[in-house]
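Only one chain is given next, in structure tokens, and it is the form predicted on its own.
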């Protein structure tokens, strides 16, 4: 019997790596401490039959043709372009900010050139652009920053925008046209039968064995595996030797509304200045499901709980680098994914990182003398 690779985590990073390795002829054992596969992308019908994302909305989008085609082996797709509104003063405005946002908010009638001139007039030039506050003020100025970004960031991260690296805010575009899509990627779609089904298909291979409800700390025969692919928090792998890396967590409040056909006009509505939650997502927008009722989720950011988001700050990056140096010394362990690499990855970026890791492992095995 050939040697087996242990993969810790059955989310995107672990499952994609597992399938790519199995396709390359390697035997794989996947474990996950949760009672299910698919990681944070896990979806299931709720008690009322509405397909919901248990860990908050997951919207797939990518410009990577190779990544989209690779995932297409395991699912058909439902085209879906995500739209978001931001509530300011009780009014729902298109978000990310575009020309319609400006015209609605300020009672203007700007064309595209007028919107560009407006942004240029109100922006507060920052040089160099180092923080999220710098990014937003440099782009849209003080008033829009305070209305749409400041308090949302405080809730989401528990920090001031000036305390976060520029990349956090740089993920959100500002537009002079009326495009109200949240993303503009070439591929925007949802797995037709849900994420969990896609992961089931991905892991359906004779050389992949999956066990859920198994924690890595309970694996006492690690030496029997030829290699370990670890997708959990890198600091946890090393027993927090240098202290805990900061992660932001979330609490989800799911609710079903019987006999409500549609709760809100778009998939997600942000509440930057009101409530303790940051946003409400209505799942039927995402899935296209027909149902007499609807199911929503409110997201409450918090410091404690399962790690969801690495916190992008310079001091956290320096701490991660210390763990990364330790990781380089682990000869037979590969660290991949948002938590293992302490990167604020989108789903397609995790897929790309996992495919690259699997390729390196396969090439390494092929070049090793038997």
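Residue numbers count along the first chain shown, from 1. Bear in mind the structure is a predicted one, so any value in this text is a computation, not a measurement.
Beyond what is shown, the protein has a form predicted together with a small molecule; the following relates to that form.
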{"query": "Contact assignment for the small molecule in the model of the complex, among 156, 139, 103, 287, heavy atom within 4.5 Å", "finding": "156"}
{"query": "Interface residue in the model of the complex among 115, 71, 189, 169, criterion: non-hydrogen atom within 4.5 angstroms of the small molecule", "finding": "169"}
{"query": "Partner contact for residue 270 in the model of the complex: the small molecule, 4.5 angstroms, heavy atom", "finding": "yes"}
{"query": "Proximity of residue 182 to the small molecule in the model of the complex, heavy atoms at 4.5 Å", "finding": "yes"}
{"query": "4.5 Å heavy atom contact, residue 175 and the small molecule in the model of the complex", "finding": "no"}
{"query": "Touches the small molecule in the model of the complex: residue 279 (any heavy atom, 4.5 Å)", "finding": "yes"}
{"query": "Candidate stretches 202 to 210, 104 to 112, 147 to 155, 120 to 128 - the one whose heavy atoms come within 4.5 Å of the small molecule in the model of the complex", "finding": "147 to 155"}
